[in-house]
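Here we start with a single chain on its own, the form predicted alone, put down as structure tokens.
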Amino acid sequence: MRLADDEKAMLDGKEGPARQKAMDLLVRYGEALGAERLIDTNNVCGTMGATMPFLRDFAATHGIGLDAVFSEFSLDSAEVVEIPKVKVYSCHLQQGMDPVHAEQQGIGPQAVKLYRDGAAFFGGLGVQLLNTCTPYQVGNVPVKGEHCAWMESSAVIYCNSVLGGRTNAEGRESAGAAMLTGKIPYWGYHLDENRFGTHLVELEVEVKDTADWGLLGYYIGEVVQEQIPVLSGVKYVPNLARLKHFGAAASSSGGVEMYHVIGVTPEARSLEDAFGGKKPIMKFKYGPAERKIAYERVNSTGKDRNVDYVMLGCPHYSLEQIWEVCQLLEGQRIHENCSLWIFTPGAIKHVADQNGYTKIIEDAGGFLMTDTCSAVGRVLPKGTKIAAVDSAKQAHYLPAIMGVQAWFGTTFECIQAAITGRWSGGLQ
């Protein structure tokens, strides 16, 4: 790789051992990818704490500090080095728990202490403790063309597609190294030529609500895998929540990191714009038959209609989604055999508290939680066997990770399941 003078200086150790190890990692990573050089970034989103179940066990077993955790898991270094302050604007993604609701999540006080210690440690390094898979909902909003280094599949696809930022799906290691150096390999979606569409998807049904967009994303992801779909025929401009759920589903059933919606997303003013003047390598339609296929596949684990857990907020809920839930839930009561957990960024929960939304949810018997979700934190109400979700991504991952059945449907259907304890949803 061709290195600039400041990059050579870091690699030579002139800015200390941690930045040296970070630069060494990025050079090895870039060479493996075939990148010719690095690119400057001032926007990094990653995870660096020890609140996930595996990392909690590692820290407890080895009795080591957070410098050691970062060295091992973010710098690929068995040698423990002191971690300096981050060089660029860096945000923390999900944690492994909500410390306020640790008891409900079955998490003990020692793990909560580790969470608090981590917040103090990384906050002291200049990391923004957003603690969410949707940093763009709480202040980190890249502009078109901005080079970023983000983790988290649903965040990456939103950054590339909706905001026009430029990032690949980074890992804990590359994101951690980017925080300390302000560099990331210049390859993949950082390059103009790699951002054009590959597959044309022609919509033959109206896609309106969030569940519809989730189904569409789930179907498209399975077809295109890691390619770039271009959607044509969208009649209703989707809002943040719908594009959020679409991208999360497409990056779960496939490996989609970018998409275009003609006339909606910033790099798709027209078909020619989206494809860069080239012809699509494949065209396919999305009509009633395809919608039915997507619904059956995303609900493939749902068997028993007695629901004991409703989980909303994957990706983390927006304030608008919380408001919508409260309209459905106010004056109601969660069934005695069912739990309702809703996940949102801490900053949004603060506004929900002020608006009285948290009280509406709690008065109904539910919980508004932050910082994690059931799949990432491996947290479920005790005894959960059958879950209901309005996220195709969570319906995809929760059964595999936690061994439960999952029903997917609209937010209305999920709230009804929470109130009645029964799943009555179906494809309309």
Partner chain sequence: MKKIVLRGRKVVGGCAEGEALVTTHRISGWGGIDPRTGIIIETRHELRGQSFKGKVLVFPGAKGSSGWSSQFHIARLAGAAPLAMLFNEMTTKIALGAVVTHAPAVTDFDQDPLQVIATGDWVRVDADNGIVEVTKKSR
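A quick note: this is a predicted structure, and the numbers were derived from the prediction, not measured. Positions refer to the first chain, counted from 1.
The same protein has a further form, the form predicted together with the partner chain, not shown here; the description that follows concerns it.
Colleague: Any chance A59, F343 and L380 all have a heavy atom within 4.5 Å of the partner chain in the predicted bound form?
Modeller: Checking in the predicted bound form: none of A59, F343 and L380 is within 4.5 Å of the partner chain.
Colleague: Within 4.5 angstroms, counting heavy atoms, which one of the listed stretches 205-213, 169-177, 262-270, 140-148 is next to the partner chain in the predicted bound form?
Modeller: In the other structure, the partner sits against 169-177.
Colleague: Just checking whether T301 would be counted as a contact of the partner chain in the predicted bound form - the rule being heavy atoms within 4.5 angstroms.
Modeller: Contact with the partner chain, yes.
Colleague: Report yes if any heavy atom of P99 sits within 4.5 Å of a heavy atom of the partner chain in the predicted bound form; otherwise report no.
Modeller: No.
Colleague: So in the predicted bound form, does T134 come within 4.5 Å of the partner chain, heavy atom to heavy atom?
Modeller: Judged by the heavy-atom cut-off of 4.5 Å, T134 is well away from the partner chain in the predicted bound form.
Colleague: With the partner left out of view, is L25 within 4.5 angstroms of the partner chain in the predicted bound form by any non-hydrogen atom?
Modeller: Heavy-atom contact with the partner chain at 4.5 Å: present for L25.
Colleague: Just one of L66, I39, L55, A364 has a heavy atom within 4.5 angstroms of the partner chain in the predicted bound form, so which one?
Modeller: Contact check passes for L55.
Colleague: Heavy atom within 4.5 Å of the partner chain in the predicted bound form: which of P84, G255, G164, P280?
Modeller: Flagged contact: G255.
Colleague: Hey, which residues along 7-41 are within 4.5 angstroms of the partner chain in the predicted bound form, non-hydrogen atoms only?
Modeller: The stretch touches the partner through L25, R28, Y29, E31, A32, L33, G34.
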